[in-house]
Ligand SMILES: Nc1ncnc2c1ncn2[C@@H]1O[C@H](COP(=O)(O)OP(=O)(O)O)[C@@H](O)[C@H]1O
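Before any questions on how it binds or moves, here is one chain, the form predicted alone, in structure tokens.
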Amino acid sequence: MLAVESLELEILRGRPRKVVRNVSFSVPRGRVTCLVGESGCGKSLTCLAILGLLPEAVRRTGGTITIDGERVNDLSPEHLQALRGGKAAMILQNPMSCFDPICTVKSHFLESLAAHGGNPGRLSPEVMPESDLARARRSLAEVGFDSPDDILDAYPFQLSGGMLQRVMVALALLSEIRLLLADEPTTDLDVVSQARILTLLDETRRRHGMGVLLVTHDIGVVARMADFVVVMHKGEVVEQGEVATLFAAPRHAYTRALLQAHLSLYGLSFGDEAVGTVSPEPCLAAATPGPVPEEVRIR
């Protein structure tokens, strides 16, 4: 679904400097690729570059990006707009900052629908066409809301962070997207809401067969969600591979440091054994939560 090859990004403020260098990875259909690394390593900028949403102070200086066979580099602004929300969508880590506080949730749905196949020109929630209203209700019901109309009539400040994150997923599902980019979607949430969102993302991926690029610095999230892991450090990919293989035998010193930092929270350690002989079980056992309790499952 996604192929990033030799991506190069440069910040233009002051003296231009490279912030992402020679980054390459892929996201297969129906699978989860986790992009992991410390804050400031270039994960979010890479995501923004994929959808052509880089800020003015950052430019792409090299590399190619392909989504479902289309080279993003070659698309006009109009085609990029159609791709965003049509084939691919993105959810961010701070949902409260993504909504206009003086507009209802219904207004946000109407705006998205007008931009992607709805009824353009009718931007008043009071006259929202029934067909668009039905799509919004279905999407909200799919992410676990029992009363979609109550959510549509609410203002963002009336909803919790976890509820708003689910609304963001519902907005992404308005169209039959094939690629979902999730940039640290659980960072600002409590533990129960984190469990709900991760369960929701996994169920949605399975139901729609989407490819998912999940950006995180949380090794526990990686262990629970990832099929494939890409490790970034200081703007470069230092290691990538299947999650079990990478956890069992991390080759790069930075990857080992990430895993050891997580294991130390549980009083565990890789010890002084040769990297190739380290078993994945301790790391996976420490990093992977048990089954989501029934009381926190999405209803």
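One rule holds for the numbers: they count along the sequence shown, beginning at 1. On a predicted model such as this, the values are computed, not experimentally measured, just so you know.
Keep in mind that the form predicted together with the ligand is not shown, yet the notes after this line are about it.
- Taken together, G241, V243 and Q260 are entirely out of contact with the ligand in the predicted complex: none brings a heavy atom within 4.5 Å.
- Taking non-hydrogen atoms only, P250 never approaches the ligand to within 4.5 angstroms in the predicted complex.
- When the ligand is considered in the predicted complex, G69 lies well away from it, no heavy atom lying within 4.5 Å.
- For A57, a non-hydrogen atom is located within 4.5 Å of the ligand in the predicted complex, even though that partner is not displayed.
- Put simply, G40 is close to the ligand in the predicted complex: some heavy atom of it is within 4.5 Å.
- Of the candidate stretches 26 to 34, 250 to 258, 42 to 50, 61 to 69, only 42 to 50 has residues with heavy atoms within 4.5 Å of the ligand in the predicted complex.
- Contact annotation for 7 to 37: residues with any non-hydrogen atom within 4.5 angstroms of the ligand in the predicted complex are I11, R13, R17, V19, listed in sequence order.
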